[in-house]
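Starting off, we have a lone chain in the form predicted on its own, written out as structure tokens.
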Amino acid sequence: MLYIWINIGSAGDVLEDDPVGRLKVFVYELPSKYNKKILQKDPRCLTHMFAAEIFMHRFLLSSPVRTLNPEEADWFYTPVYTTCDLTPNGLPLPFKSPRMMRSAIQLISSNWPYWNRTEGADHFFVVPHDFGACFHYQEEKAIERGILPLLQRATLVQTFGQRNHVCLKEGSITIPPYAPPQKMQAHLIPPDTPRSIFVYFRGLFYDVGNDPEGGYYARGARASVWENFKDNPLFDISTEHPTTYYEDMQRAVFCLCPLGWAPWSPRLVEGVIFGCIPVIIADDIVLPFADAIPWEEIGVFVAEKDVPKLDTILTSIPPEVILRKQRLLANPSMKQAMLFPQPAQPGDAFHQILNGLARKLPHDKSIYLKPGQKVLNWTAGPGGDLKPW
């Protein structure tokens, strides 16, 4: 296992950072209707790709960075499960989320003095929706809505990341989507199994239900993958989701990670965990923990317009470059950073989030408002968002 000691570049140096002792977090105690009760109603929320909001809450409750004294806190955390409202087939409905978030902020701002000191500038929220705190799964609508006005000063911890996009504000921490660690662990095959599949992908190429005309879903990139390579023997691609999905990824050299409705998907996490080089097809994507994970060195980036040349791009990568990427992917700390394990482990995604928060300290004095000063507009936003939750 010599290759674990390979220098993984400056980005990788902070993967090993330990946040304990570098920050203190105060967790607001909210009525259970904002978190536990919602989960009791629908336990599926524990396994879907938006579950980071639940596990981050559980982690912080028993974390050594938690303080029970808000006066010594660097950061304040409000545990609201805004994605745990699922359709029968398990997709999160974001329509109540803005009212719920607003209600929680009203509660903390009237019961504690800390929100009003900064109007949220020393508060962080986990918002793992498709388009984060824009709270809509369709990009056009998400852009139209923008980030919930009350969260404009807070730090957002979110899976959505795309440069120059209204749903990603400066200073946000981009995280991996939740992928169940035990489930992936159960499907590991011997690491020396030959990688006999060149390119692997399972998932939708078209979303006929939501995009009947075609071309809007995945900005046409997935349709282009199918149309250009469905008959190419190097490409093992299909809409079928086999029971051997995780094993197949461990037998593949490259795993396609194209955008869908949003630029991110759990395939990124799965690719890293299973040592399959992620081929990232999502222009302007901001990747999880990009200051700690050297994505340029472990992945391959292909512009959406270049999808028709995918075969040429991938076959022309020299074997030594492929080998180097595979060695970096084999580094256990790279895999650990992508996971939210129970119980938490050093260097995992929980710790990477805390590292991201610690790196923002100390807060600039300018975040503290003068007595009576108000910056946020409590009546901004669509009328529906202002109704009581």
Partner chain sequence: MKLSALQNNRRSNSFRGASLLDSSVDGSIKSPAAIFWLVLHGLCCLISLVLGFRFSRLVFFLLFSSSTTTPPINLFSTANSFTETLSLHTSPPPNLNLTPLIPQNGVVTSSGVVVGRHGILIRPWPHPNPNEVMKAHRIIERVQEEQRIQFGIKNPRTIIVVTPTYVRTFQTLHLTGVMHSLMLVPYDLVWILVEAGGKTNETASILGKSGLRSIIHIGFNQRMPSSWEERRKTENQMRLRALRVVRDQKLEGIVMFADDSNMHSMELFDEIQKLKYIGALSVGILVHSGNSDELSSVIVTQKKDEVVGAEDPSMPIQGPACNSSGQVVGWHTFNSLPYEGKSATYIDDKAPVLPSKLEWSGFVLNSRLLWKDAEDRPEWVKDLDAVDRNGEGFASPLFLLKDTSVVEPLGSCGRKVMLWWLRVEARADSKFPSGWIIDPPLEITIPAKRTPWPDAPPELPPDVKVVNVDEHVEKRPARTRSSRSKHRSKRKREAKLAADVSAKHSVEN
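Positions refer to the first chain, counted from 1. Every value quoted in this text rests on a predicted model; they were computed, and no experiment measured them.
Not pictured, yet referred to below: the form predicted in complex with the partner chain.
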item: Partner-facing stretch of 159-167, 111-119, 88-96, 70-78, counted where any non-hydrogen atom is within 4.5 angstroms of the partner chain in the predicted bound form; value: 159-167
item: The partner chain in the predicted bound form reached by all of Glu140, Pro194 and Asn232, non-hydrogen atom within 4.5 Å; value: yes
item: Answer option from Gln326, Ser333, Gln342, Thr47, heavy atom within 4.5 Å of the partner chain in the predicted bound form; value: Gln326
item: Heavy atom within 4.5 Å of the partner chain in the predicted bound form - residue from Gln182, Thr312, Thr243, Thr239; value: Thr312
item: Contact label in the predicted bound form: Lys305 to the partner chain, heavy atom within 4.5 Å; value: yes
item: Leu107 within 4.5 Å of the partner chain in the predicted bound form, heavy atoms; value: no
item: Partner contact for Ile317 in the predicted bound form: the partner chain, 4.5 angstroms, heavy atom; value: yes
item: Any non-hydrogen atom of Thr155 within 4.5 angstroms of the partner chain in the predicted bound form; value: no
item: Neighbours of the partner chain in the predicted bound form among 202-226 [non-hydrogen atom within 4.5 angstroms]; value: Tyr206, Asp211, Glu213, Gly214, Gly215, Tyr216, Arg219, Gly220, Ala223, Ser224
